[in-house]
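Next up: just one chain, as structure tokens, the form predicted on its own.
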């Protein structure tokens, strides 16, 4: 069965089973099938042969799932956009994606369901399934195209490795749908008849509500960034008594610190901890490793794992030649999980994607090396970082700072502690200095920047200078700026 048939199967054999829980609202498999079929028929009737993407704007409401499946069942990819994004960012995503329609949960809720499915043209294996937008170095977001074949390869790997119990899993999902880590929980659950338990931003902002929700979730599979788990670990009650049924923690999206893994294992001695790695361009994750006591005792930093079957991962030098074990170079990923490229950007696609032994390959820009058959991540070649689980191009933040009226020039530096980025600091040269204090200026610029960028991309600290220190080449001396923090 293909992915569509596997999901719809549960709508036929277990229509009352709960597919999704969001606060006090639930969505059953029967409702998901009927309403996504109805939406697919609506798209087919309205747009005909036009295969332009369907943008879905919301914050993890169950209607978003209906829209995702409705879009792909009608042969169109979907573009998930979180309402936490500022309007300017949303406008850019919509412009680049050339979406045929922007749907909100409220609009989807008003559309009727159907009892009998209507024949429509499903997304085929090599067609785009979803498009996720990531940070771009020029200030323009990049649309990563993921095909149905990419997604099915990833899901098949997850099911084979993790051996999820059909109709026996509750996946706790923390990332928003605009962040590809959510794909790990969402589709692993839907194809196995499981339940996705959503952790919304309202819960994250209210610890009492969060821990109450965790305790009531009955979660068996935890999917999140390491940062979210680290936040939860601050509460001593976050342990096996709170989540007695959890079998595994799946971490993705950023570096898993040994201390975090060790504390999770200590609090949840009967659960497995998995570290996974992969850029959005390679469909969520490409490598994985189970972190146990032996791994913790042997390695620091932790390995990011073994490649998934059918995918080749190697470390290359500047000429693209594969390097032997223990030598550092750029991580290259080749296989059926690799994206066909960036939406409407053949220039960027050609710069990062190529053919390798008959398969699509992607230059990740990540540095790494193989040791003992395990891959280790060792930072970025360029100025891209991972922060709070999100991939951020430093140039994106700088480009948006420089367009603010008060700013003449700006350099953004990651504040690194224990080998990982903790926040961003912006060094700013102003066009003119008025009567405002540094605190007032910082607050003003942060608010203005917040109208252009998501909250996770905003610098925590602003430093105002008359001029930047320069290198011998006449460039801003980033190393000297970083040393001053």
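Because the structure is predicted, anything quoted here is derived from the model rather than measured. Numbering follows the first chain given and starts at 1.
Missing here is the form predicted in complex with a small molecule; even so, the following discussion is about that form.
**Student:** Among the candidate stretches 258-266, 342-350, 375-383, 75-83, which one is within 4.5 Å of the small molecule in the model of the complex when only heavy atoms are counted?
**Tutor:** Going by heavy atoms within 4.5 Å, the stretch is 375-383.
**Student:** Pick from 280, 406, 230, 104: which residue has any heavy atom within 4.5 angstroms of the small molecule in the model of the complex?
**Tutor:** For this set of options, the contacting one is 280.
**Student:** Scan 188, 276, 182, 147 and let me know which has any heavy atom within 4.5 Å of the small molecule in the model of the complex.
**Tutor:** Among 188, 276, 182, 147, a heavy atom within 4.5 Å of the small molecule in the model of the complex occurs only for 276.
**Student:** Should residue 366 be classed as touching the small molecule in the model of the complex when contacts are defined as heavy atoms within 4.5 Å?
**Tutor:** Residue-level check for residue 366: yes, a contact with the small molecule.
**Student:** Could you confirm whether residue 254 comes within 4.5 Å of the small molecule in the model of the complex, counting heavy atoms only?
**Tutor:** Residue 254 belongs to the contact set for the small molecule.
**Student:** Closest heavy atom of residue 391 to the small molecule in the model of the complex, within 4.5 Å or not?
**Tutor:** Yes, residue 391 lies within 4.5 Å of the small molecule in the model of the complex.
**Student:** Are any of the heavy atoms in residue 304 no more than 4.5 Å from a heavy atom of the small molecule in the model of the complex?
**Tutor:** Result yes; residue 304 sits at the interface with the small molecule in the model of the complex.
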